[in-house]
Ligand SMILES: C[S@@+](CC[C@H](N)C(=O)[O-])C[C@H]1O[C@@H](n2cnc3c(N)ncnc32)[C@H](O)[C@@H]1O
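Listed next as structure tokens is one chain, alone, in the form predicted on its own.
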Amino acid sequence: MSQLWHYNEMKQVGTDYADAKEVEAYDTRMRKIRDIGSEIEKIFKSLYITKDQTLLEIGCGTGEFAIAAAGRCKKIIAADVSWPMLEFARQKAKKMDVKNIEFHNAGFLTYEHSGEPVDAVVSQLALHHLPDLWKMIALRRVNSLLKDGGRFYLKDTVYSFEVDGYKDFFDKFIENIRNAAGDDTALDAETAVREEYSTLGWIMEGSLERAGFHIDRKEYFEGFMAVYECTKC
């Protein structure tokens, strides 16, 4: 049966990091604007992961979280739709002699799981690459991958500002990024606002609940970012 109607998540949305040098530059820029160490500690505090458990990360990017998490649980499954990003993460893990990460060139809609359901799923700054219908399908797939009572940590660009003021909001948003991390990162942000599929907070909350999650904690900050700590119902 033809499925030509199916969304192609492997097609790049927004900035295309096509080779290793671009990915390395992205990795460097992210370190300037994110406190990755604190982010990882916050995630593990939320997930209650133990040494004998398995964690799936969808949208692993350059591997920062997966590599750090590998020392704190039995197995990490790291998936990303970008082959250059995935290969960069794989090589980084190899250099650090991290061996309990299983890499997959796949995303929310294409990752195929084998074995027992996982104990937890993490996704950071990846879901907004999908339109809202496909976000919902992605969230249902995440739910199906988890053990009963499994945990889901979602961090994504989700808008919580007053929409009437969107022009002023985005002008200030882009300028703040330019001041913090330079013109290249500001250009990435402009591309993301224009071409990606970041949604609104009330839509995301409803989608998570309809996908079979209980939202244990939610946090919105700076008008464009959100964190949801969830349990599979």
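Quick note: we count residues from 1 along the sequence shown, nothing fancier. Not measured: the values here are computed from a predicted model.
Same protein, other form: the form predicted in complex with the named molecule, not shown, and the subject of what follows.
Visitor: With the partner removed from view, which of 161 to 169, 55 to 63, 200 to 208, 174 to 182 is the stretch that lies within 4.5 Å of the named molecule in the model of the complex, judged by heavy atom distances?
Guide: Stretch with heavy atoms near the partner: 55 to 63.
Visitor: Decide if the three candidate residues 140, 145 and 152 all line the named molecule in the model of the complex, where lining means a heavy atom within 4.5 Å.
Guide: None of them does, since no heavy atom lies within 4.5 Å of the partner.
Visitor: Heavy atom within 4.5 Å of the named molecule in the model of the complex: which of 81, 77, 120, 93?
Guide: By the 4.5 Å heavy-atom cutoff, the listed residue in contact is 81.
Visitor: Does any part of residue 34 reach within 4.5 Å of the named molecule in the model of the complex? Heavy atoms only, please.
Guide: Because a heavy atom of residue 34 falls inside 4.5 Å of the named molecule in the model of the complex, the answer is yes.
Visitor: Would you check, heavy atoms only and a 4.5 Å threshold, whether residue 88 touches the named molecule in the model of the complex?
Guide: Result no; residue 88 lies far from the named molecule in the model of the complex.
Visitor: Is residue 135 close enough to the named molecule in the model of the complex to count, meaning some heavy atom within 4.5 Å?
Guide: Although the named molecule is absent here, residue 135 would stay clear of it in the model of the complex, with no heavy atoms inside 4.5 Å.
Visitor: I'd like to know whether residue 101 contacts the named molecule in the model of the complex, with contact meaning heavy atoms within 4.5 angstroms.
Guide: Flag for residue 101 set to no.
Visitor: For the stretch 127 to 141, I need every residue with any heavy atom inside 4.5 Å of the named molecule in the model of the complex, listed N to C.
Guide: Those in contact are 129, 130.
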